[in-house]
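Single chain ahead, written as structure tokens, the form predicted alone.
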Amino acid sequence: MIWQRVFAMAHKEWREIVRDRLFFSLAFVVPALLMVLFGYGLSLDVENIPFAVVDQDHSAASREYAWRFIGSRYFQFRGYSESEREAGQQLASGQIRVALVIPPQFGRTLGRGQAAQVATLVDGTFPSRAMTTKGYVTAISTAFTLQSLSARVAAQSGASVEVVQKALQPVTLETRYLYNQSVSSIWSLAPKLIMVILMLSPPFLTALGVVREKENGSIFNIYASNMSRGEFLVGKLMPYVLISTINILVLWLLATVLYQVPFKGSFLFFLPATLVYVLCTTGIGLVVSVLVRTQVAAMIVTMIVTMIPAVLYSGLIIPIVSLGSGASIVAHLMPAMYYTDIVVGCFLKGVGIESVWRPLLVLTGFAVVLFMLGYAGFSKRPST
């Protein structure tokens, strides 16, 4: 391999990238734009749930129970509804997501020491959010029940409410959230968005860059030259690896500065590990480029083979352990899953190579295999 030819090819490719404004935007602007759009638009936090109250009792107990929800940061009060039917209409129109229906005689039933039933109507069109909402309702109702029962027992026994609460609740659960103490979804999503964007951008650019040579006919100059296919491929891909390196720094800054995600690991490990992942995704683009002849086909195939694994089989939204057996096998055949372990570990857990050497080794294997396939598939002889 003659490096002078390689650098000449890389310089030529870089000039074409800079000269083409659309391609330049795809290389440098789109990755950062995707990070901003996905970061602000994709949230898994279940807060400010709009709800209404149907208070058919109008007692002090019913108002106190309703205020437990009104004062919670997880719910957003949209007013009282006159009837359960009206609340149902609000649910159907999307004005609210939850309706609390407090029955008549709610306060008197509690005053007699009997159990009172409260209906909770939850919009189930978003199942995961509905289940989380149910958990909030259950927790608030349990706290209200404990306080009411404690107050009643304390009044009868003469003991303090605190003593009665400890007696009624002998086991106290204290939960500590590790690595993401605020349980903020953006802390989890921002590192994974780096994985998604680096799965989409490098193969997209690489496939278009190589196929463009075929489509405009300039590939015949390579066929007629004494440049080897290895020199051509290395020189062709060098600018895209450089662009991806710049994008890594930009995405890291957006995650840490814009979204305030803590970076607890070593940047000296994160950058080389991410470059290995970029080589994997660049290899995907190289393989696609040798299989198709037009830029439109390259875009379609690249989007299919990168978008689906990056979203569904990487742990972005659904944990890998929650996937079915077939989906789990597919996930293990994709590089996105392995890099997710690395990037989340670097950002939130502060781990290094001693903890994630296995996924890094797998990514290295992916990169080697993909480049071997791309090299074997590319020929200096034009296909007929």
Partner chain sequence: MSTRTREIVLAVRRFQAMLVKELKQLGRDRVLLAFILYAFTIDIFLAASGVSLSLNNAATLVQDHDHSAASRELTGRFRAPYFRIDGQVAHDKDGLAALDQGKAMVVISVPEGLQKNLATGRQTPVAMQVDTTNSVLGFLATSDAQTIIARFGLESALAKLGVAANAGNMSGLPVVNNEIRVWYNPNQDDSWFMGISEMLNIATVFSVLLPAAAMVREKERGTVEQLVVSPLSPLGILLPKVVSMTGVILCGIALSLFLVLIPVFGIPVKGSLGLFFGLSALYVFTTAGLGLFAATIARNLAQAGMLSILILAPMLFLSGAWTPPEAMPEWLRGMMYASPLHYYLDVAFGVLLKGQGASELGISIAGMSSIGLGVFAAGLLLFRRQFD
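Everything numeric in this text was worked out from a predicted model, so none of it was measured. Under this definition, the rigid core comprises the largest set of C-alpha atoms superposing within 1.5 Å between the forms. Residue numbers count along the first chain shown, from 1.
Absent from the display: the form predicted together with the partner chain. The rest refers to it.
Stretch-level contact analysis of 249-257, 99-107, 274-282, 229-237 against the partner chain in the model of the complex, using heavy atoms and a 4.5 Å limit, identifies 99-107. Candidate site formed by Gly41, Leu91 and Thr138: every one of these residues places a non-hydrogen atom within 4.5 angstroms of the partner chain in the model of the complex.
Of the heavy atoms in Leu312, some are within 4.5 Å of the partner chain in the model of the complex. Within this chain, Ala52 is remote from the site of the partner chain in the model of the complex, having no heavy atom within 4.5 Å. Interface membership of Leu26, defined by any non-hydrogen atom within 4.5 Å of the partner chain in the model of the complex, is confirmed. None of the heavy atoms of Gly79 is located within 4.5 Å of the partner chain in the model of the complex. Think of it this way: in the model of the complex, the partner chain has a heavy atom of just one of Ser128, Thr245, Ser160, Ser83 within 4.5 Å, and the residue is Ser128.
For the stretch 142-156, the set of residues having any non-hydrogen atom within 4.5 angstroms of the partner chain in the model of the complex comprises Thr142, Phe144, Thr145, Leu146, Ser148, Leu149, Arg152, Val153, in sequence order. Taking the rigid core as fixed, one finds a CA shift for Tyr74 smaller than 2 Å between this form and the one not shown.
After superposing the rigid core, the C-alpha of Phe38 moves by 2 Å or more between this form and the one not shown.
Leu258 is among the residues whose C-alpha shifts by 2 Å or more between this form and the one not shown once the rigid core is aligned.
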